[in-house]
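Below you'll find only one chain, the form predicted on its own, shown as structure tokens.
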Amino acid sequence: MNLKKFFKKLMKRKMTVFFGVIILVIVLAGILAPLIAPHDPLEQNLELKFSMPSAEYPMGTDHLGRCIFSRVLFATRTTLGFSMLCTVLAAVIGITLGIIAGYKGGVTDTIIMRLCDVLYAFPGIVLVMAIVGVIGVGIFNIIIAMLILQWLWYARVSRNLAASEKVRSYVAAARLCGASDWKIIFRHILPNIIPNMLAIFTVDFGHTIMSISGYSFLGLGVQAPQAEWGAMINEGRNYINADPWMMFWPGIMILLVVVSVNIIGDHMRDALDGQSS
């Protein structure tokens, strides 16, 4: 599958470009948060608590008088950064094991796929809660718990794709030229399944953002006073009548990012369907 043609076809979709720009702007805002934020996200001023949006505090202040705009900017780094870390690790682990299983077949394929079947038998949130109950709360413990299940999706899809690719003529030609199995896997098979895995990665990234924010909302992930979208919503739920802005702004950020990446992922899938037809 031609990666260049795939992206060229994808960029012809105006909605893909539009939502891609939204994601880019949000990511840049998070990266440049120290330069953009008008206040220290941890700076408290009880005299200004529950202030309405103004020129100095564009999104108002929270129950401790902290600038919500500054906290949302720095929370972008936290939420998207940890979500990207978790998704990338899951993709690397799952795709590597899946390609090995699909290419090698036999006992290797059986062991890896049976491991997937066993882990799939456990409800995700129950397993994560059980692991966190044993190793303790904290964002890195949440990521470890999520990774135990999150790689399975990548492994199954990449295994099927690799199994179909290994019987193609270009793989046979590479073997005749003396290429090793690892060279065939990572130089020939992997580039041909990247478009499919990118579509899965994009949608999974949105799911991971929801999970990271959800666990932080429950008090299991990012801990106070560090700014994180889910944790900010949790802080604001007790003050929804006094200051609804505390929940509104981080909620809007989660909505924008998740909707954007899901739509981009759907367009990637459509482009793949069109290219394979």
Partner chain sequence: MILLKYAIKRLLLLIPILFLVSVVAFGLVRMMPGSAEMAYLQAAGIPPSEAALQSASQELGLDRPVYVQYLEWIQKAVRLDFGTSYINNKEVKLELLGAFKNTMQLAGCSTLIILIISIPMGVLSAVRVDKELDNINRILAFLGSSMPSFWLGPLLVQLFCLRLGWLPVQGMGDWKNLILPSITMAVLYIATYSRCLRNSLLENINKRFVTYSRARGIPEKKIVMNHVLRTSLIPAVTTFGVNFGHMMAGTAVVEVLFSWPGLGRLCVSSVGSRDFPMIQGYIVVMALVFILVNLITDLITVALDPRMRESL
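Residue numbers count along the first chain shown, from 1. Everything quoted here is computed from the prediction, not taken from an experiment.
The form predicted in complex with its partner chain is left out here; the points below concern that form.
Answer for residue 163 alone: is it within 4.5 Å of its partner chain in the predicted bound form, judged on heavy atom distances?
-> No, no contact at 4.5 Å.
Hey, in the predicted bound form, does residue 186 get a heavy atom within 4.5 angstroms of its partner chain?
-> Contact check for residue 186: no, nothing within 4.5 Å of its partner chain in the predicted bound form.
Is residue 217 a contact residue for its partner chain in the predicted bound form, using a 4.5 Å heavy atom cut-off?
-> Residue 217: contacts its partner chain in the predicted bound form.
Spell out, yes or no, whether the shortest heavy atom distance between residue 230 and its partner chain in the predicted bound form is within 4.5 Å.
-> Heavy-atom contact with its partner chain at 4.5 Å: present for residue 230.
Would you mind picking the one in 88, 113, 129, 147 that has a heavy atom within 4.5 Å of its partner chain in the predicted bound form?
-> Partner contact (heavy atom, 4.5 Å) among the options: 129.
Non-hydrogen atom within 4.5 Å of its partner chain in the predicted bound form for each of 22, 30 and 195 | Per the other structure, none of 22, 30 and 195 touch its partner chain.
Using a 4.5 Å heavy atom cut-off, indicate which stretch of 155-163, 69-77, 90-98, 114-122 touches its partner chain in the predicted bound form.
-> After filtering at 4.5 Å, what remains is 114-122.
Listed by sequence position, which residues of 150-180 have a non-hydrogen atom within 4.5 angstroms of its partner chain in the predicted bound form?
-> The stretch does not touch the partner at all.
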